[in-house]
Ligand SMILES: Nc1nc2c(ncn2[C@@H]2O[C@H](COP(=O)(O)OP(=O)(O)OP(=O)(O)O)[C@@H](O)[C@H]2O)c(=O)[nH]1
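Below sits a lone chain in structure tokens, taken as the form predicted alone.
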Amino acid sequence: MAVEPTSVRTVAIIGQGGVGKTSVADALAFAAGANNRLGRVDDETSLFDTEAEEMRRRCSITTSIFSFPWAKHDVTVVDTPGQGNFVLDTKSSLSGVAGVVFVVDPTSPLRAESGKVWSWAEEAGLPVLIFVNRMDRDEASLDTILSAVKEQLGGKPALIQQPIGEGASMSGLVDLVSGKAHAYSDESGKFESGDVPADLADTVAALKSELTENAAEGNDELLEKYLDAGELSDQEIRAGLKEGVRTRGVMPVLCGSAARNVGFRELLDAIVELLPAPCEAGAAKATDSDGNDLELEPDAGAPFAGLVVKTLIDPHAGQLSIFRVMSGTASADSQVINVTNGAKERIGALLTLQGAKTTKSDSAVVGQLVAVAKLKGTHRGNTLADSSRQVTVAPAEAVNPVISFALEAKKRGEEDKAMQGLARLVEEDPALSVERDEDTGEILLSGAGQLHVEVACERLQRKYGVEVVLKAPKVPYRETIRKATKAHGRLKKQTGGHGQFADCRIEVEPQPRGVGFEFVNKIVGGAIPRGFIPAVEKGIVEAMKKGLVAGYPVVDVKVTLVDGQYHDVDSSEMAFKVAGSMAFKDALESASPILLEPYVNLEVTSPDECMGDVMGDLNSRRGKVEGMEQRGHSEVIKAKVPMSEVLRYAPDLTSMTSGRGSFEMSFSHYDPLPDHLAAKVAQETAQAKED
């Protein structure tokens, strides 16, 4: 049976780690009848945390999706990670939904992850419902957490429920719009409606008046009526709230407890009544086949276009591409174009996601999230479209990993197998990256934190049977020279037959930092035949791969070939290549060689009260602070810091800021390493080679 686009609801459950988002998602599925028991994270029965690593750690590490019907609507719940090591997966997942439920814990302060996911939802223009979980705890403070949302995040919370009782004595909720009390007697999720308790009557009346005012501000006609009459009907309040939610002018607040299964039928009702259908959302940014910008409206009658928001790869079942229908209708057994790379793709069966399980569908309407198996060249961020209108939807911005580790396979010869498995993990996780360092030859796995990388290695072993060992990556030092010099390279071998002879004289001088290598030929009069000149250069380039100080590549030098000799019979390209190498090595000894270290651009976001500690720490790492700027309640510090000092910066920043700080890092430049540190690096390098 086809779904009406106006009855589709797609909602992401977002917030910082540890507030019970997955428990909220499980409770929503149970309330809707999609599960015959309440899934719980602690006893490993969650519908959403299904990966072995998630079950073991009691922590979501990847986004999970579950669709079910509720009140004649098709509801899709997207449960996202909130822990700092895995939260970056949330950013790309938000491109698949039309609204969010922001979960908070009234017993815990807001941390950096809350600010991140909130800002991502704000950038995407997503309407917000706020759900205050764990209201059954004695230390819960509704006023404190809502003040934090307002002051720290710039939210506009509007309470639409009032808890009955406090802490462990909470027995139900009052719906401020209808004025009905919902009393819970057990953990079935069902309640009985009745009158508001007498001791709450005045509080409820005051809160409803405040809510009515918030609702009126969402619509000019309602505001005029409210100013004239001083009140609105329940239906008008709901209409005003829905309009306010759509424009992010108001953020309704609901309360409950996932542990006691309180408040989830009401939350489902709020999702279908107050959040817009994706077809009612704004247009998406896109480009046409000529590269012109356009606004792609979520039009059910337009040709099909879909954005791939996530990729799952099963070692046995293969690749599963999850996409949001941005316009039109997706049909099973149809041909589409991957507009991003121009490849033709065939959509076989459309799959509705229900946690670790799927069910087949014939079609998917605009706004729905569905999956299709075994697309050949389709990846996250790609656009699929009907050939009649080839538009490209702008994907979520890429995220940059912040920490890197070198890894090696425990079993010799499994490096290629490890690279293949890691490539598949990277396809699933936008915050992971893997590459082979050309300078050091190491396989580098980068992620959002040490735990993130460690979990990726656990998944690599479980899914692809490759066990690896993590090590700190080598710093890619370089060497250069400080003064100009002249040098001579001469090869003369006579072994009683065809010999080897080559002679060259060079001048070597330092270049400005970052200019690189320059070779100049100033041979005149045929001292060295023209055909042998490239061999001299090649020998110099090979010699530059290993400097004298610590064996690192030499950079930023200019070499001028000024003179030489050759022999009609014994000279060869190989001989001149060796002579060129000998000359350059001779030059290094007298050109005052030094070590260069890489610097990175570091942008640290820190709460105001932690700024002093962060600045002092950067100074202790030989960092050079270049500027600061205020962003909300945080300070952004921009600095250039030696790479060697920040290879393990993530856990240190977490410690300094109690988990509220974040940073981004990119390569900047090379600068000379102080002599005392250069001697230490040279000694460590020599020891490593000896070992």
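Sequential numbering from 1, following the sequence displayed. Computed from a prediction, not measured in an experiment: that's the story for all the values here.
Just so you know, the form predicted in complex with the named molecule exists too; it's not on screen, but the next bit is about it.
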Completion exercise
Answer key: of 83, 352, 212, 338, within 4.5 Å of the named molecule in the predicted bound form (heavy atoms) is 83
Practice task
Could you work out which of 76, 93, 133, 161 is the residue within 4.5 angstroms of the named molecule in the predicted bound form, going by heavy atoms?
Solution key: 133
Practice task
Choose from 638-646, 36-44, 623-631, 657-665 the stretch whose residues reach within 4.5 Å of the named molecule in the predicted bound form, heavy atoms counted.
Solution key: 36-44
Handout entry: Any non-hydrogen atom of residue 9 within 4.5 angstroms of the named molecule in the predicted bound form
Key = no
Practice task
Flag residue 137 as yes or no: does it have a non-hydrogen atom within 4.5 angstroms of any non-hydrogen atom of the named molecule in the predicted bound form?
Solution key: yes
Problem - Touches the named molecule in the predicted bound form: residue 259 (any heavy atom, 4.5 Å) - result: yes
Problem - Distance check, residue 59 to the named molecule in the predicted bound form, heavy atom within 4.5 Å - result: yes
Practice task
At a 4.5 angstroms cut-off on non-hydrogen atoms, which residues of 13-33 are near the named molecule in the predicted bound form? List them in order.
Solution key: 16, 17, 18, 19, 20, 21, 22, 23
